[in-house]
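In the block that follows, a single chain appears as structure tokens, in the form predicted on its own.
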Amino acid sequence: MDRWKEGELALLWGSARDQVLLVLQRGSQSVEGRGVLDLSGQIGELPGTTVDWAGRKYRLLRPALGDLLGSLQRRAQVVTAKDAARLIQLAGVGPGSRVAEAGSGSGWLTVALAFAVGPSGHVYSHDRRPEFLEFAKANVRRVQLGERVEFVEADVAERGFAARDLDAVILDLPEPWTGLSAASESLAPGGRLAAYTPTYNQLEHTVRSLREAGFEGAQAEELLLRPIEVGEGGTRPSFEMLGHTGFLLVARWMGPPW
């Protein structure tokens, strides 16, 4: 396990409801709405040490993806964590992958992709609206993943993607079918295209267009998340659940017709 270095992003964990994401630095720093904290003594220590602050004890931990997503700001509609994780799996994204997305939005999916590709991978995030690009860029920088992401102001239906031989393309657009031509030009043979669509009409149109464009093996699904209330002798499903958020679609680009 690596020791803490100055400038790292750290999670100050008091409980499931009391967590703060901050940058580890020398000297006192102000935590908005919480007070002042000095973590100078933690630099060079191992993660997991105890910190006394404001009359409470905290652990200083390295943040996981869920912690990063929970710290982000939102502007446009976001791809939820449950859907982002499954999109990454469906698209086959992993360490070293080169991925393009169309529709930066608030940057939540961008952060999840940047986390998944690791230091050796790269994400090309496209949006035609500069205000969304700037907002997404700020979120990505907030969680220190900016070096893994290149932001491109472009309508991919008109200008295509910024890179070729990609492992995956993810479309989060109102009309995903408009990006299929650009995706086929940029994907490596066997590369995967994934799309996130809120409605049945969008899903049907996209699948029809995928088949017409020569993509193979299109499959669609949705994820419903229902928490479980766990208690001694009284465990039951929660009355509240995160239901329909969007349909997840994936297909493979096999190259020009055989």
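The first residue of the shown sequence is 1; numbering continues from there. Predicted, not measured: the structure shown is a model, and the values here were computed from it.
Same protein, other form: the form predicted in complex with a small molecule, not shown, and the subject of what follows.
Enquirer: Does the small molecule come within 4.5 Å of any heavy atom of residue 137 in the predicted bound form?
Expert: No, residue 137 stays farther than 4.5 Å from the small molecule in the predicted bound form.
Enquirer: Wondering, does residue 162 line up within 4.5 Å of the small molecule in the predicted bound form on heavy atoms?
Expert: No, residue 162 sits far enough from the small molecule in the predicted bound form that none of its heavy atoms falls within 4.5 Å.
Enquirer: Residue 128: heavy atom within 4.5 Å of the small molecule in the predicted bound form?
Expert: Residue-level check for residue 128: yes, a contact with the small molecule.
Enquirer: Is residue 77 near the small molecule? Define near as a heavy atom within 4.5 Å, in the predicted bound form.
Expert: Contact with the small molecule, yes.
Enquirer: Going by heavy atom distances of 4.5 angstroms or less, which of 157, 143, 90, 81 would be at the interface with the small molecule in the predicted bound form?
Expert: If I apply the 4.5 Å criterion carefully, the residue I get is 157.
Enquirer: Sort through 71, 97, 184, 106 and report the residue having a heavy atom within 4.5 Å of the small molecule in the predicted bound form.
Expert: Only one listed residue qualifies here, and that residue is 106.
Enquirer: Have a look at 167-175, 184-192, 143-151, 116-124 and name the one stretch with heavy atoms inside 4.5 Å of the small molecule in the predicted bound form.
Expert: Contact criterion met by 167-175 only.
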